[in-house]
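The form predicted on its own is given below as one chain in structure tokens.
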């Protein structure tokens, strides 16, 4: 494993980093695709390149997640869809008010279908990476749990739109407000990867809901150098959660899963994977000091890390990690 030094590196046509600059300062740059902000309720901002996530930051300097382009971007707002794009890739998201629908399943299905229709109209027809943030992700019993209903709505839309490739993805419970769904789409066909230590999420057994989660473990676009997108990864081996109640052992298995996935990608394609930024989602703030200690020991300050409070899709899981790297 080689870590990429902190810098505004662009792999292919876009890149990602964290910044403590103000949103206004960041958006003054015509090459910024989007600025993701933490610590505020999940509501539409009225600015095409500014996303308030509903996730709470656990860091004093309130860093933001910044996606940027190698070239100036076009952007706009159409039918409640917030988008920005360069020649190769499009960033688009939407906030969804659940109260406008009969239930969460319908809200998700409608939003996904609209997003897929939008990117296809503009020839960015391949979803590479998706993020999903919504409140009370673990609320509800058995098949009525909100995460399972989310998975049903997502599958409904993929089936309705005849969308056959599952992208890399994250789903996290936020502190309140609307549902936020955003994605990166490309004109070229991505590569998708699975983890040899984990059963593919779309093959999970029935105990995890009426429809298995529809996502790949990682994604990347073809080319000499491009971003590698790691899906949300947790303390799961095969399809089962491990080490309930033990944060450090959950972190160790989560980290082992990430390393196994990156090693598998490198071996399959004779490539080298380098991480640029990681997001650590913690179920409770009390785990922050442990997470910082464990990550600092591994990374030694070489990678941007964002520490966020958010609920993981399984109630027994205490953390989840996703990230962005370079596939060389």
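What you see is a predicted model; the values in this text were computed from it and never measured. Numbering follows the first chain given and starts at 1.
Just so it is clear, the following notes concern the form predicted together with a small molecule, a form of the same protein that is not shown.
Novice: Given the stretches 138-146, 163-171, 84-92, 187-195, which is the single one in contact with the small molecule in the model of the complex, using a heavy atom cutoff of 4.5 Å?
Specialist: Of the options, only 163-171 has residues within 4.5 Å of the partner.
Novice: Residue 213: heavy atom within 4.5 Å of the small molecule in the model of the complex?
Specialist: Because a heavy atom of residue 213 falls inside 4.5 Å of the small molecule in the model of the complex, the answer is yes.
Novice: How about residue 236 - does it come within 4.5 Å of the small molecule in the model of the complex, if we only consider non-hydrogen atoms?
Specialist: Judged by the heavy-atom cut-off of 4.5 Å, residue 236 is in contact with the small molecule in the model of the complex.
Novice: Does the 4.5 Å heavy atom contact test between residue 313 and the small molecule in the model of the complex come out positive?
Specialist: Within the cut-off, so yes.
Novice: So in the model of the complex, is the small molecule close enough to residue 150 to count as touching (4.5 Å, heavy atoms)?
Specialist: Yes, residue 150 is a contact residue.
Novice: Quick one: from 251, 204, 118, 75, grab the residue that has a heavy atom within 4.5 Å of the small molecule in the model of the complex.
Specialist: Flagged contact: 204.
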